[in-house]
Structure formats: C-alpha cells, structure tokens
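First, one chain by itself: the form predicted on its own, in structure tokens.
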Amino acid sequence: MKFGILVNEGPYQHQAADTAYHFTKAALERGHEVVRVFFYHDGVNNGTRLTTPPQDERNIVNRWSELAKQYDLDMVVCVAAAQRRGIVDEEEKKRQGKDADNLAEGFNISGLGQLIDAGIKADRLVEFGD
C-alpha cells in the first residue's frame, strides 16, 4: 500500500508527531511505500535543526532525519507555514534576506502542491493532528 502522511502538530506540543513517526516507520519496515511526509501548520516545527531537547528525552527531529536517510523518504515542509514560524532553508534564507537557515537534514521546503500530489499518488493519506 502507498501512504501519504500529513503531520499538523509540532514535535513537543502534541503526541501527533510521535505517532506519525512511529506509523511511518512501521509502514516502511513492513514494506509499504510512503509517497511523502508533508509537515503543515505547527508540524513544520518537526523540521528545524535547532531543536535541542535534553539528552534524556527523545529527539523527534533527529528521528525524522534518520528515517528519511534510511528509506530515502521525501519529507516536505510547507513553505508558507515554515516562513510564519521562522524555518528557512538556504534558498529561502537568501531570498528573504535572513542571516541563517535552520532546516534539518532530510527535509525540503515546498508548497501545498506537494500535499495534493501525495494525496493523488497514495492509496491513503493519513493525517496526524488537528
């Protein structure tokens, strides 16, 4: 089965990000295809490399980055939601005249068209969070 994953909540405000990660990992381990993981609304906060939880806590951002690397997973952060929350990649940094970028490894910034595309290509689009 082909899944599209939509994550609407940040990594530490809500259980949705953890649940989405574990669902995605389990689906991949069982041989399913994940067309794309799309991070929207506060979910874009899963894509900032500046998250530094205490050492004895889980690092959800690193988990997503490692999963993307292991499975060549397409992970997209919504550009408009990211800009509102101060998350930019190298290209957006230059375009917006910022002095730094903070997008974590394995994440890409793009528009809502990528969510629509995932919904078209997937057998199921699974949403996590409000």
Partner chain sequence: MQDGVKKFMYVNRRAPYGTVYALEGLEVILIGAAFDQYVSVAFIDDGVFQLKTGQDTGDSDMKNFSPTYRALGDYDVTKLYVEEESLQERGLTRDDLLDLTYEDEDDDYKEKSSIHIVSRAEMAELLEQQDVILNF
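Please read these numbers as outputs of a predicted model, since none were measured by experiment. Positions refer to the first chain, counted from 1.
What comes next is about the form predicted in complex with the partner chain, which does not appear here.
- For residue 81, a non-hydrogen atom is located within 4.5 Å of the partner chain in the predicted bound form, even though that partner is not displayed.
- At least one heavy atom of residue 115 is located within 4.5 Å of the partner chain in the predicted bound form.
- Contact annotation for residue 16: none of its heavy atoms lies within 4.5 Å of the partner chain in the predicted bound form.
- Among residues of the shown chain, residue 63 is not one whose heavy atoms approach the partner chain to within 4.5 Å in the predicted bound form.
- Annotated contact segment (heavy atom within 4.5 Å of the partner chain in the predicted bound form): 35-43, selected among 65-73, 99-107, 86-94, 35-43.
- In the predicted bound form, the partner chain lies within 4.5 angstroms of at least one heavy atom of each of the following residues of 1-25: 6, 8, 9, in sequence order.
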